[in-house]
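The chain below stands alone, shown as structure tokens; this is the form predicted on its own.
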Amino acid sequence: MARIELTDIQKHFGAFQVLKNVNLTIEDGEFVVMLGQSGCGKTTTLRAIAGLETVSSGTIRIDGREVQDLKAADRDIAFVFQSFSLYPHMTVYENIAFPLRAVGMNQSEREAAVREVARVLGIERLLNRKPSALSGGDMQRVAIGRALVRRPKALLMDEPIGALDAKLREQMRAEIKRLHIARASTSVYVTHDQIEAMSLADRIVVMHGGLLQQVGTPEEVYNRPANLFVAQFVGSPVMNVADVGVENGGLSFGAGAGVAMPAGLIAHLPKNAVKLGIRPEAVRLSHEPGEGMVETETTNLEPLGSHEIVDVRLGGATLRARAEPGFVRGQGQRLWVGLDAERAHFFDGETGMALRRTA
């Protein structure tokens, strides 16, 4: 397995800078997910680790050895693409065995290695079939098997299940996580899907505009976002964000609406240029008035089976709340809304950076 270190990585395509001073350490046996929108630099970073892209400057180390000037074939890294890229004229066995034939492994060792990886992936029954006879999920298992069969130092995956339907993606997420645990492999996984990131990662690397926005565990990224981009990119539905003023021991939402807040939570905040972030599950709804609650009415309702997403007005802001099925009859219903103060986030209105409590 491998420890991967990226130090001051820069990458330019002509005048356009794709990666901006990327510094990241991936520990031996860790599963790291690089999460971001298309064009943010996550795939370029993955390809740079693999040696499929050169870097403009900076250092890449694998197990302490500098590799930024080495060819991809000399880095002992396996890469799984979104497209299955299987040889259509070969059987599953031959596809998986191909990397071992390329390095001259003898037949008995090759047979044992292919059988072992097929057993781990649950595709032993498919070894004599051609790719055209496989489902999308099975083809991706074969592609992963071909990458793993020579036991590389690290496994890199670029949106490997993005082309599958929703049910298969869910199954493959579980398979990839199980495989990682069983093999204890260093894994780097690229996706734009925050559900994949939250369910798979030991740590998530959130990227935007070629910069690392936050690196942390799924719990840290979800509950302590470093800035507004992370706050609104991770989570579904996205975090509510509203412009607020800090006055009279609470938050003002405009139009005469305000919510009381504990003094210790807002004492460090500036009076203006503050944005409140609050996740839908931290917006409290009630049919009866309660302490710290404000009367409002629903403006939209999204039934989602296990729960409902309810939109309500609070002064000049619209907040989305998560509610039990049937809690709201429909649009225009009168309710009371309050906020879970301990789960409120505050951001600088100009920089977007989180405003943390100092005490």
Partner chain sequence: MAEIKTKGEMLFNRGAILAVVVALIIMLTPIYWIAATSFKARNLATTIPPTVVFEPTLAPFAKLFTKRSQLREPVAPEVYEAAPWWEKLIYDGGEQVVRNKKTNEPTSSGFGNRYMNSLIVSIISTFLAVSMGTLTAYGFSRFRVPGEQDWLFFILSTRMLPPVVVAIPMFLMYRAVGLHDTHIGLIILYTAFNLSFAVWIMKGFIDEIPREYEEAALVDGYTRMEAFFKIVLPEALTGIAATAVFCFITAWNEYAFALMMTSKNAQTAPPYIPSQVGSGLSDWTVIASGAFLFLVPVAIFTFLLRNHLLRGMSFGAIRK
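Please read all numbers here as calculations on a predicted model, not as lab measurements. Residue numbers count along the first chain shown, from 1.
Omitted from view is the form predicted in complex with its partner chain, to which the following refers.
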Given that its partner chain is not shown alongside this chain, does His192 nevertheless sit within 4.5 Å of it in the model of the complex, heavy atom to heavy atom?
no
Flag Gly277 as yes or no: does it have a non-hydrogen atom within 4.5 angstroms of any non-hydrogen atom of its partner chain in the model of the complex?
no
Even though the partner isn't displayed, in the model of the complex is Arg141 close enough to its partner chain, meaning a heavy atom within 4.5 Å?
no
Though only this chain appears here, would Arg224 touch its partner chain in the model of the complex if you measure heavy atom gaps against 4.5 Å?
no
From the candidate stretches 28-36, 50-58, 317-325, 293-301, select the single one in contact with its partner chain in the model of the complex, where contact means a heavy atom within 4.5 Å.
50-58
With the partner omitted here, the residue among Ser85, Gln171, Asn248, Asn272 that in the model of the complex has a heavy atom within 4.5 Å of its partner chain is Ser85
Answer key, its partner chain contact in the model of the complex at 4.5 Å (heavy atoms) among Ala133, Met90, Ile181, Ala255: the residue is Met90
Heavy atom within 4.5 Å of its partner chain in the model of the complex - qualifying residues of 147-165
Arg150
